[in-house]
Ligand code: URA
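Single chain ahead, by itself, as structure tokens, in the form predicted on its own.
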Amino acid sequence: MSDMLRLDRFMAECGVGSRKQAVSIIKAGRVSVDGNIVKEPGLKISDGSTVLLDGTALKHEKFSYYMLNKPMGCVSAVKDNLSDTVLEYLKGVHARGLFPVGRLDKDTEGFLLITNDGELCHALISPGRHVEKTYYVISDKRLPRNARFLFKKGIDIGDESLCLPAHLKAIGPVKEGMSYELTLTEGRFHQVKRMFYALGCKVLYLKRVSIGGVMLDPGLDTGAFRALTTEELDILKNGTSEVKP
């Protein structure tokens, strides 16, 4: 904690439950602060306070990290006047200052990291870090035969410079057209769609399946979320990688 915080909110942010549930627990006399039983949910506690629930210390984490399987139809923003935002899918989460790391288009699905750690966000989206992001793509038809070479060389999408080298892997035909896996190390505006368009194909479906070596949990339903594991967080914090030839 960086400032004084209500006891019920502190408990909610520690993952005990909702603030309403925390209030009930506090009023039941199950919580002590610095050795004294407290029954006032609005008590302000400081950084140095020791809070016990049924004799077990509660740990307030400075930062929170969540993997969201973003659905179509919502925007990667904290607030929006016209559309649902990705934060509206984090039901029951009480961490303060959460925001999406980077963005996925409104009609794009998949792995979106939600956190309140600005330093990690900067490390993941900074152009100089070249963090890998992998997408599952369905296009309306098959790319040209030399597409893999062209993606590796750098696609011209009309910007001042070519796209950085990307790794393309053909997966196979699907009902709608052709499916691919594409790994990038940058995040230009509508980049995947523009790269395919530059080679004469239209992207019909797009889903991000990994960030920085961390895979989207295959058991995570569209619109669902979970906290990152310690191992996943370590991968994001400690590793950057280059696109493989």
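One rule holds for the numbers: they count along the sequence shown, beginning at 1. Everything numeric in this text was worked out from a predicted model, so none of it was measured.
This next part talks about the form predicted together with uracil (URA), which is not shown.
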{"property": "Answer range among 102-110, 118-126, 89-97, 154-162 for contact with uracil (URA), defined in the predicted complex as heavy atoms within 4.5 Å", "result": "102-110"}
{"property": "Option touching uracil (URA), based on a heavy atom within 4.5 Å in the predicted complex, out of I211, I26, M67, L206", "result": "L206"}
{"property": "Single option in K39, K44, K62, H190 placed near uracil (URA) in the predicted complex, where near means a heavy atom within 4.5 Å", "result": "H190"}
{"property": "Sequence-ordered residues of 64-84 touching uracil (URA) in the predicted complex, heavy atom within 4.5 Å", "result": "none"}
